[in-house]
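Encoded as structure tokens, the following chain is the form predicted on its own, with no partner shown.
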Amino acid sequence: MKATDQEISRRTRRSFLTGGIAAAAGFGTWYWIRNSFDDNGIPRPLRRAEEADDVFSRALFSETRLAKTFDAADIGEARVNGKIGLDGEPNSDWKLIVEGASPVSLDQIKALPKVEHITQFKCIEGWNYIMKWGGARFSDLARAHAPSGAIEKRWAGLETPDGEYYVGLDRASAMHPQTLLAYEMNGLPLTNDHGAPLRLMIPVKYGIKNLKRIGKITFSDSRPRDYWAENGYDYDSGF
């Protein structure tokens, strides 16, 4: 066998061996993750990675950092996505339940200072659209209608009237100046598909946090449950 042929054969065997070791290591890592103990249905290593992402995201977050706003000419067509918690029509006597306080009517929410902004709604699936939203700041609602001391709590939880969909927000995100309890889209009342009569609009979070048809708000020092965090997504879901 020529020297060049011997060298090619040697390198081929080494490449094959290296590739085999890499494949075995990859399979071993996958098998380890797949068979690790679950943490609320998610393999523990993946859950730890998500928690690390949450810590990093919160460390970068600032209540003074605003999401980009756009001009009216940038407004596009809204995409309908997600039906969880939206079965049927909203009750004609709808009121927002604020735990520890009296129910709040839509008229009471509309009596708060109205805020409008044109921002980008980003879905974790990769698509987005730009819309004009109108409503009251979450922070104004909390100061006006939440029980004493609620706004100092570390967490806020929101859920649909039927309890089928629910999200949790850290205090800084909930009290962010662009976080709205929106009752209008492009100057018109919300449609049922977009969460009538009241939805959360928080442009510094992905769409999975933007709860439609809010029925109840709670404040606590323990982290509330979150629908998509229980299904494998980051709890924070910011960008």
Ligand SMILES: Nc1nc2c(c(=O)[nH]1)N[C@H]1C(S)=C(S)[C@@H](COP(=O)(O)O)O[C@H]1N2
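So that there is no doubt, residue numbering starts at 1 and follows the sequence shown. Small disclaimer: the values here were computed from a predicted structure and weren't measured.
Quick note: we don't show the form predicted together with the named molecule, though the next part is all about it.
Requested in this report: Check whether Ala111 has any heavy atom within 4.5 Å of a heavy atom of the named molecule in the predicted bound form, and answer yes or no.
Outcome: Output for Ala111 is no: heavy atoms all beyond 4.5 Å of the named molecule.
Report task. Decide whether Arg154 counts as a contact residue for the named molecule in the predicted bound form under a heavy atom distance cut-off of 4.5 Å. Result -> No, Arg154 sits far enough from the named molecule in the predicted bound form that none of its heavy atoms falls within 4.5 Å.
Query raised in the report: in the predicted bound form, does Ile208 have a heavy atom within 4.5 Å of the named molecule?
Result: Contact check for Ile208: yes, within 4.5 Å of the named molecule in the predicted bound form.
Query raised in the report: Is there a non-hydrogen atom of Trp94 within 4.5 angstroms of a non-hydrogen atom of the named molecule in the predicted bound form?
Result: Judged by the heavy-atom cut-off of 4.5 Å, Trp94 is well away from the named molecule in the predicted bound form.
Query raised in the report: Pick from 68-76, 140-148, 94-102, 160-168: which stretch has a heavy atom within 4.5 Å of the named molecule in the predicted bound form?
Result: Heavy atoms within 4.5 Å of the named molecule in the predicted bound form occur in 160-168.
Query raised in the report: Are all three of Ile84, Phe121 and Asp193 close to the named molecule in the predicted bound form, meaning a heavy atom of each within 4.5 Å?
Result: So, yes: the whole triplet contacts the named molecule.
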